[in-house]
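First, one chain by itself in C-alpha cells, the form predicted alone.
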Amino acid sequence: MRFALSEDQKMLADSVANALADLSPLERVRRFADAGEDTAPDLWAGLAELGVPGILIPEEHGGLGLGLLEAALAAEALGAAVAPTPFLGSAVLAPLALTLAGSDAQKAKWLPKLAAGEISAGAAIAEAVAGGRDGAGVEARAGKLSGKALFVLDGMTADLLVVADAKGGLHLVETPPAAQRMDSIDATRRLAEVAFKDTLAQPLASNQALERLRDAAWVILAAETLGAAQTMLDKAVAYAKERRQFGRVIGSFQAVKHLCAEMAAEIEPARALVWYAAYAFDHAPEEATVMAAHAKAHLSEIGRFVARTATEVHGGIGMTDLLGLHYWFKRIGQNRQLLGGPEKVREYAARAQGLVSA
C-alpha cells in the first residue's frame, strides 16, 4: 500500500481548496451565518463544476467514482473553509446509501441528479447511530414512517432524505416533510428536526448499510475537524508573527512558541489517522469500523484542544467576531458531538474489538 497521497489526490485536494478560497471566503461564511440562510446554492454550484457532489458516485451514473479517501480530502478542505454546503448528506451519505442498498431504478433516478448537484439530500440517522432523546425515533410500518428525527444532517432544504428507523433499517423519502431548524452552536451547518406521520418511504436493502454510513460519516466529520483545526493553527501562527508586545512580535516569546508547537504536534499524526481511516473504509473493511471510531474520537479531542489554544494565542481579539475564529471553533465543537461524542464512539470501538461485553 502507499503511505502518501497520489498526485491525483493531491491535485483534487488543491483544486477544492483553491475553489473554496474564491467561493467561500470569510465574508461569505459570515453572510450565510448572519442572514440565517438554510443553503448556499452558489457554493454548491461552484463545487459541482469540479465534480465534488459526485465524488463517491460511480461513473456510470455521472460521478467521479472515487473513494472515501478522496471524499475525506474534500471534507478537509471544506472544514478548513467552514464552507456551508450539504456535502455530508448530498455527496457522502445519500450516494453511499443508494450505492450500497438502492435498487437499480433508485440509482438511475437519483444518483445522476446528486452527481450534478441538481438536488440536495439529507440524512436522518442520528438516533439509530448514537441514541436519541426522549420522544425521538422513527418507526417503519407498511412502507410508511412515523415519528420524529432530530439532528437531521442537511435536512432543511433536502429534496431527498435517507432515514434510519428504530431497528436500523434504511428508507428513502422522496418527498420529505417540512423540516424545522434546530438551534446549534454552528451557524454554518444547519441541523433539522423532521416529523413523520405516515410518510411514504421506499425501503432500502439495509444489509449492514447503516453501519457503513455511520463509519463514513465519522471519517468525514473527523476530516472536517482536521481541516478546521489546521486553519486555526495557521491563523494563530500568522497572528503571532505580526502582533507586537513589549517591542517584539509575540511569536518570539517562548510560551507562544510552545503553544503553537503543541498544536502542530497534535495535528500532524492526526492527519495520518484520518487518511488511513478513509483508506480502510474501501480497502481494509475488517478495520473500517475501529479506525473510523478512533478517527472521530481522537479528532474530537485534539480539535477541541487546538480550538482553545489557537484562541488563547490570539488573546482577547480571538473572542470577538472581528477575526471570525468562532466559526471554526464552533464547527469543531459541533462535529465533536454529531453522531456520538468521543466517549460514545470509543465505546463502539471497544465493542467492535470485543473489549467489553454487549
Partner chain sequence: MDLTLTPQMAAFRDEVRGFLEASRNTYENGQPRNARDWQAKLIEAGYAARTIPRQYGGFGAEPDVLKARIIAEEFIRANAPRGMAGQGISMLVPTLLEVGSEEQKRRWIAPTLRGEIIWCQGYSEPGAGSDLASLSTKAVEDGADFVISGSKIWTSTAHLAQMMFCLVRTEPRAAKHEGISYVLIPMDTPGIEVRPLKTMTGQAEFNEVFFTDVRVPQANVVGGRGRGWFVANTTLRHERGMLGDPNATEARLGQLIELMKTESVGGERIIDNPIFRDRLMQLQARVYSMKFNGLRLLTSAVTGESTGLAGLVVKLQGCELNHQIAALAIDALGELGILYHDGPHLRAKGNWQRSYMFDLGLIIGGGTAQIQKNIISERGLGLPREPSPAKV
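Since this is a predicted model, take the numbers as computed values, not measurements. Residue numbers count along the first chain shown, from 1.
Although it is not shown, the form predicted together with its partner chain is what the next lines describe.
The single contact residue among D198, E262, E139, E118, judged by any heavy atom lying within 4.5 Å of its partner chain in the model of the complex, is E262.
L273 is the sole member of A130, L150, L100, L273 with a non-hydrogen atom lying within 4.5 angstroms of its partner chain in the model of the complex.
Interface membership of A108, defined by any non-hydrogen atom within 4.5 Å of its partner chain in the model of the complex, is ruled out.
Using a 4.5 Å cutoff between non-hydrogen atoms, E268 counts as a contact of its partner chain in the model of the complex.
Of the heavy atoms in R181, none are within 4.5 Å of its partner chain in the model of the complex. Taking the partner from the other structure, its partner chain in the model of the complex has no heavy atom within 4.5 Å of any heavy atom of A33. Shown here without its partner, the chain carries E49, R308 and R331, none of which come within 4.5 Å of its partner chain in the model of the complex through any heavy atom. Residue heavy atoms within 4.5 Å of its partner chain in the model of the complex occur in exactly one stretch of 160-168, 86-94, 237-245, 218-226, and that stretch is 237-245. Contact annotation for 238-257: residues with any non-hydrogen atom within 4.5 angstroms of its partner chain in the model of the complex are A240, K241, R248, V249, G251, S252, Q254, K257, listed in sequence order.
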